[in-house]
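Below, in structure tokens: the form predicted alone, a single chain.
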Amino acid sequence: MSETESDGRAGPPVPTRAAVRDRLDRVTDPELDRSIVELEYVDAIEIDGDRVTVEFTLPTAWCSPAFAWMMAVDARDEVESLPGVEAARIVLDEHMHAEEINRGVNERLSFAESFPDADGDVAAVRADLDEKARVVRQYDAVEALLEAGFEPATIASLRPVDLERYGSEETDDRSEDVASDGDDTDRLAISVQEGAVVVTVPAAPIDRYLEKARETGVLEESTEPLFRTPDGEPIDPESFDLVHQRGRLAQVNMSSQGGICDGLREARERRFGSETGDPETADD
């Protein structure tokens, strides 16, 4: 969608609620590594020309101010990256530090300027949470490979260059060797036994892991080992089970925290009711 200016030239595209919501879907609760849209944190999206206001509420009023700050900043930056958006205003509701966070994020202050008494830098908190998310995403990716029949030693030796998007021209040439369950969409093909056999696996968990591994700087080259220890080192095949167990524990911890947050959010909704619009049904 775009506007037409008086001279007949196409103006900047007009942002829609659907487009804004798609950008917000990229923003995660850093503690849970889940989208704030999926978690139903977003209460309202208002669009006035090239200016967008997003209101959101966290499961509890006492969620970490550092976590709330990260979500507010990420939401602002994602919405402002949308063509046609000049400025995004972020409003965090019903949080014990809502005033400081809303003022700081919308006035482009730093976390330290908004919370001068805070102990530590929010960047360090974000880095630690990103590493935990990487470990959990690796666990999910490795589980998909184990389910497909890969041996631990093979998984430890995989590199990004070994992955091919299933359905590509190169993979089609070897289609008779591909072991597939019939679903050819969103899958990756991995060669084993020196290329004699190609096995396909679901792409989603591996793509999610790749995104976070690259984001955290653990994985930079396509020829480097794909999976790592929590410290970022290549996995010794003899330590595979221990590394995978640590990933499972991290996933259980994150899932448990997510369950607690879901329960708190539901309890809060029952207590206060919904006073805001539903962005999922908003008119675009």
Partner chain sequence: MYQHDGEDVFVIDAHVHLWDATEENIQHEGGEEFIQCFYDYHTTFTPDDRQWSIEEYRKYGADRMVEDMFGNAAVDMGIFQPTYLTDFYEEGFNTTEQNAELAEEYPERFVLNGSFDPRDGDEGLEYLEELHETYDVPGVKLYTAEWRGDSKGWRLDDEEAFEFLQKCSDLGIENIHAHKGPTIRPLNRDAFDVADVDDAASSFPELNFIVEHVGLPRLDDFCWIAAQENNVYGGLAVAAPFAQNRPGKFSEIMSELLWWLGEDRILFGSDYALWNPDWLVEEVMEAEFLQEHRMEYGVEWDLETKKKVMGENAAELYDIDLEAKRRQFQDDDISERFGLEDHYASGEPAPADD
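Because the structure is predicted, anything quoted here is derived from the model rather than measured. Numbering follows the first chain given and starts at 1.
Missing here is the form predicted in complex with the partner chain; even so, the following discussion is about that form.
With the partner chain omitted here, the record of contacts in the predicted bound form names 117-125 of 206-214, 157-165, 117-125, 78-86, defined by a heavy atom within 4.5 Å. Residues His97, Lys132 and Gln257 are all found to lie within 4.5 Å of the partner chain in the predicted bound form, as judged by heavy atom distances. Proximity to the partner chain in the predicted bound form, taken as a non-hydrogen atom within 4.5 angstroms, holds for one residue of Leu39, Ala44, Ala250, Ile47, which is Ala250. Though the partner chain is absent from this view, in the predicted bound form it lies within 4.5 Å of a heavy atom of just one residue from Val54, Ala66, Ile235, Leu58, which is Ala66.
Mapping the unseen interface onto this chain, Glu31 counts among the residues with a heavy atom inside 4.5 Å of the partner chain in the predicted bound form.
A residue is said to contact a partner when one of its heavy atoms sits within 4.5 Å of a partner heavy atom; Gly263 meets this definition for the partner chain in the predicted bound form. The partner chain is not shown here, but in the predicted bound form it comes within 4.5 Å of a heavy atom of Ala267. Although the partner is absent here, Arg246 lies within 4.5 Å of the partner chain in the predicted bound form, judged by heavy atoms.
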